[in-house]
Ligand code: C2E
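There is one chain below, alone, in structure tokens, taken in the form predicted on its own.
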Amino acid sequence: MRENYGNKRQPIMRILAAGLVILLICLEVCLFLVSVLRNSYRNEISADFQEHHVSTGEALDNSIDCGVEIVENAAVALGNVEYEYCDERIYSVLATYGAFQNMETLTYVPLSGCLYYEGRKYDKDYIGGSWQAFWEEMIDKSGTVVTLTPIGYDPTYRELLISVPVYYNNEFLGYMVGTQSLQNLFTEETYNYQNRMGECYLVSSLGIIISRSDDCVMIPNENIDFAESILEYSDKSEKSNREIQLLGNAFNLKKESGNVNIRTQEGDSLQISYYPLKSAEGLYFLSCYNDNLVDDKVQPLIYRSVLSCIIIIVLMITIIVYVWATAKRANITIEKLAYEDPVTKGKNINFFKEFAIGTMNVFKETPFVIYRFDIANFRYINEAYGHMRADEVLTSCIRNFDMTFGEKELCVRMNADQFLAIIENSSGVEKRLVQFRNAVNEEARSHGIKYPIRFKTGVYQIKKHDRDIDVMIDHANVARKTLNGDEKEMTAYYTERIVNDMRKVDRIESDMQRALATGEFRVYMQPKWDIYLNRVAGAEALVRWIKADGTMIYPDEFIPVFENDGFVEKLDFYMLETVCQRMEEMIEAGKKIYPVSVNQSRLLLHSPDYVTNIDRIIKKYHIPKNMIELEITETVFLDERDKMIETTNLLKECGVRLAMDDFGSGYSSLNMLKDIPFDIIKIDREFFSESVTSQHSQWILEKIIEMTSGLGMEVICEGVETKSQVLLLKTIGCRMVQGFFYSKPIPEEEFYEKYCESESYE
């Protein structure tokens, strides 16, 4: 298979003879294929159209179900007795769940008759009578209800209304109401196939058209009665009338999906496929296609096939004879330059594109995936073992791929350590990939390379109608770029969510400088609790991004972006300076203060001016010694360990305390406790949470606390959420905890007001 692309050095007489035979066969068989191809293609299109229709209807059902789930979750969240039922809680729930893409709007309608929507509360006089009609319709319904429109609205109203009752302490309070727009339903990518083949309609059980494809031909936009319009479009024969009646019966009897066929006034056959939505009773998804599409598609295909076959054979014979007769040796050199990678001696990207396109055309029913991968930390292999051994690793990748995968699959080196592969997505693909990776690592070890070879891989699943190989390669590369090389699972799959995430990153990066300048980054405090004395003993400063409109962007959305682009350095210093400034104000006001810990990113610790800036801020605000704690993740010390030890010793001289964050998360080393002057060890929640159920984990945790206490270090357990965890930690000697059991992160103003009573600082 691979030799069929890029290899023009076949014996000329054999190619010439084969070309003549193929030409004669094509001419003789072409006429016979016309009739066979027409019928088979018609049947194939009909079956394929029905299959796509059902899968598209199921996708529509799933979309509605997602909306129902969001509204139900919002109702459950509002009814959560762990939170106070108040306006602020209502606004928070509406903002959180209303942000999902599946929802057009999310509204809360309490028994009082008012209405909460988009961060505001509207009284009865403002919202009008339509919601009164909603109450009259919903009064006897106790569960989730999905309706097309509330009473009093136009029957063609193009929104789904999802209502879920809200209970708080078993008391019915009102309804959480969400809407999903049906206005431009069929402009979404999901319906591309149906729109390309024909037209889509969303119809109620009464036959009213709720939504339709753009530029409909069969039913004009001004017509809303589907059955009546189709009857006008048909040839009004007995057979067509009977089929239309069957369609109406399917609506009335709520039958499963199916299709009917009628004849149009032009004499064509029109297939109407129907699918009753399970998520919204009384709605039907319909799609129609006219069989003149078969003629439009088959005839050009036949003519082009015959003509292309003749042209290709003639050109092939002419070119091969010319090249063979005039430039045989030059041809070999040209092919080598055009299709061979100079490092691995395998094929290159030019060959890959030809091969991939040809393979997909030949094996149309075979599922393929594009893999775009590179070797993690390949620069280290180059520097540590030299370019020759590094090139041997690259060559090994191509060689072992060829030994592991089949003739329909291909791997090439693009540049540097970047590779590209097309692989058949069969049931054993994962096993073959593991075999391939193991073979590369084994060969690398045989060459004296002990560093593990790990691949950072982006994967794109080729769709049936994909044609542009460059776009497919780019999609796989987009998925690969979402990996930073530290993940346990080094494979990412291309999805629309990745594209949306990239757009979100762009928005975050475009707003971050302005947000810092305008004070949108706010300090939240999570108290640290002394469980022996049952009182607050300190706090951890956490950042929240609250925009001018009141919406909040959470750290897990923007911190990874800031770490990648370096902005996290500015943010960390901003947090530290804000905490120190507020602490100075509290001291001057005669209020009590507690030690506050501030997280420090790994980028900061590599800055040559880091310690100087820390010392400057501490002295600028006259912060008492040991009142500022700097939290450092233990993974920072995996790189440039000696430099990090030197930096932490200098920090201690500045009068700050050092805390090791996420101890026990998987990278901990007892040498760190010996070599690095930590004052505080923060036990990762994943570590100690197992101790509640595991005697083995409990014993280890107890010994860690005993050991660190013996070294003169404090121990704080993070993520404490239950009373049983508190009792366990108290039993094994842990004094300090932090978690939702005592308090979630709260605004700094609330923290100082609640815990820092009027006492002079000592």
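Model, not experiment: these values are computed from the prediction. Residue numbers run from 1 along the displayed sequence.
The form predicted in complex with the named molecule is left out here; the points below concern that form.
The candidate spot formed by V76, P110 and E171 lies out of contact with the named molecule in the predicted complex, as no residue has a heavy atom within 4.5 Å of it.
Heavy atoms within 4.5 Å of the named molecule in the predicted complex are found in one stretch of 216-224, 644-652, 597-605, 338-346, which is 597-605. For the chain shown alone, M575 is a contact residue for the named molecule in the predicted complex, at least one non-hydrogen atom being within 4.5 angstroms.
A residue is said to contact a partner when one of its heavy atoms sits within 4.5 Å of a partner heavy atom; P555 meets this definition for the named molecule in the predicted complex. Among heavy atoms of L542, some come within 4.5 Å of the named molecule in the predicted complex.
Heavy atoms of E443 never reach within 4.5 Å of the named molecule in the predicted complex, leaving it off the interface. With the partner removed from view, the residue among E51, E706, E44, E721 that has a non-hydrogen atom within 4.5 Å of the named molecule in the predicted complex turns out to be E721. Using a 4.5 Å cut-off on any heavy atom, the residues of 731-752 that reach the named molecule in the predicted complex are, in sequence order, Q738, G739, F740, P745.
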